[in-house]
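Just one chain follows, in the form predicted alone, and it is written as structure tokens.
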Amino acid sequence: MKSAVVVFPGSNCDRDAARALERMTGAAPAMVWHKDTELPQGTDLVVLPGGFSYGDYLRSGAMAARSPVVRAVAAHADRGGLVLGICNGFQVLTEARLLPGALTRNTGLRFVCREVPLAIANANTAFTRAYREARDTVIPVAHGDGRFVADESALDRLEGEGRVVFRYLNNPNGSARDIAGIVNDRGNVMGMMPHPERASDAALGRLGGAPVFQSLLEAA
């Protein structure tokens, strides 16, 4: 699998994502700067990492969604390429309209940083197939703007089409219907607020996120 990690000003989980990908695939991903206009040729997977792109000015992910590289990411997704947005990356995907809904201030207006239990709502996606028979997992979150919101018709559509992939078992931010991660209608773009790259190595004491990367390797 040939992968790429996009780096925005303010990204702080780009190297973590790169290390997780290298551990799973055996090959270091390309690090793509936000001003680049093209992805490396032959890229299978693009990861938009966590952090605080552009300092979260205006809205989290709003400025990053207008970066030149996001047009290349959108074209990659349109061709059927895999895209994973983690935390701030999820925010960028909604701001770029590659995923529906929005990520808003947490209930209580506090930054949340802790491990959270998650239900595997759909294990039949390119991002979750390695969970197979698992019903739940534990992956840490770290965000202040992680409350997923959408209108009722959009939520009903996500539910009805099986596009809710992860669901909080102990909702830390007030997300509608406990949603922690979703995919687009083609199933090749996923956004999730929890950080699987922080739970993908035994040295970190956590492995709950490793199947995300294993799934992507199988899919590619």
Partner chain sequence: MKAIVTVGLKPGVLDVQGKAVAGALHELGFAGVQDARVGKRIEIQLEGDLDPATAEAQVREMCEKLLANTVIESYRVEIAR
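Positions refer to the first chain, counted from 1. Source: prediction; values computed, not measured.
Keep in mind the form predicted together with its partner chain is missing from the figure; the text below concerns it.
Contact check at 4.5 Å (heavy atoms) against its partner chain in the model of the complex: none of A75, R79 and R129 pass. Of the listed positions (R59, R167, R157, H34), a single one reaches within 4.5 angstroms of its partner chain by any non-hydrogen atom in the model of the complex, namely R59. Proximity to its partner chain in the model of the complex, defined as a heavy atom within 4.5 Å, singles out one entry of R114, R71, R97, R135, which is R97. Picking from 121-129, 80-88, 135-143, 101-109 the stretch near its partner chain in the model of the complex, with a 4.5 Å limit on heavy atoms, gives 101-109.
Interface membership of I182, defined by any non-hydrogen atom within 4.5 Å of its partner chain in the model of the complex, is ruled out. Residue contact check for R177: none of its heavy atoms lie within 4.5 Å of its partner chain in the model of the complex. Proximity of M63 to its partner chain in the model of the complex: non-hydrogen atoms within 4.5 Å are present. Residues of 181-220 are not found to place any heavy atom within 4.5 Å of its partner chain in the model of the complex.
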